[in-house]
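Here we start with a single chain on its own, the form predicted on its own, put down as structure tokens.
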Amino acid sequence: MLDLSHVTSGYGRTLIVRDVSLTVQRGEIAAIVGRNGVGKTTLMKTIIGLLPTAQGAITLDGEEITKRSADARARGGIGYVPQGRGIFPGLTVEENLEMGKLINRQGGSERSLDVAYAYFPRLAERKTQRAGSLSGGEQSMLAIGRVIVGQPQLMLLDEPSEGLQPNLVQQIGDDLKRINQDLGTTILFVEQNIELIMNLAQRGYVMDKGQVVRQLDHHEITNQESLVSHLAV
């Protein structure tokens, strides 16, 4: 589904991500882990196209997208939930979801808002409420719901547990697993919360100083002792 080959990127002349190669298979859930400041968010912004690729290539479903704009990548099947969620606080819940519908209308098909309400019934209860007045957990549900109504093949999530209470972290993890299984959505997420990583990820990559320094198989990504050691790299 996703292939990065020797990708280097950053901000202007300041290169943060250096020579990163990784793959995400269709239908799997993969995590990128590592300490703060090692380049995880920069990598996600590079994959979605918010930052240019200085070197290397990005391929989605067998097609190179390295030079495509962020909106073209979104229309091509990549959904993105940024750190901080990126909702429109002045719009209602339903209006936020309608924005998600605008992303992908290939072949004239659209996915109903009902899919978001089915996974997150609380959004249906609050569909006329301004998004900025929602709780942190509800805003996370809205950010994910807005992505899935756009029919992505691949969903990128940057720190989905940020600011959430432990019981909500568990719930978000369970919801994402259901979306992966029911809709076939491939998921790549950045995370530091060990419980969420262990609950959600099937495989992973460890980043340090802008580089992928290790791949983690299913046993390693679901082993608490292993994760703690890699988060302390």
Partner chain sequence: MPRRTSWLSAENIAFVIFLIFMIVYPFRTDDFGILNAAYFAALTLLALSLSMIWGKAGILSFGQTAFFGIGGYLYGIYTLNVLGSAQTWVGLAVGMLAGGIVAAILGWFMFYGGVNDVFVGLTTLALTLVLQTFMAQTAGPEWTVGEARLNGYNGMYIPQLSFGEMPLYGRPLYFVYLAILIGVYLLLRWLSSTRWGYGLLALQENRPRTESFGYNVRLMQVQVFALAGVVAALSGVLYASWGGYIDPSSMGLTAAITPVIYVAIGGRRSLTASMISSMILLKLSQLLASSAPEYALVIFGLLALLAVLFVPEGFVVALFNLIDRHLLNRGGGNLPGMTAPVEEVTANG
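Positions refer to the first chain, counted from 1. Just so it is clear, the structure is predicted and the values come from calculations on it, not from any experiment.
From this point on, the text means the form predicted together with the partner chain, which you will not see here.
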query: Per-stretch contact check against the partner chain in the predicted complex, the hit in 199-207, 163-171, 23-31, 178-186 (non-hydrogen atom, 4.5 angstroms); finding: 163-171
query: is_contact(residue 121, the partner chain) in the predicted complex, heavy atom dist at most 4.5 Å; finding: no
query: Close approach of residue 133 to the partner chain in the predicted complex, 4.5 Å, heavy atom; finding: yes
query: Residue 60 within 4.5 Å of the partner chain in the predicted complex, heavy atoms; finding: no
query: Partner contact for residue 99 in the predicted complex: the partner chain, 4.5 angstroms, heavy atom; finding: yes
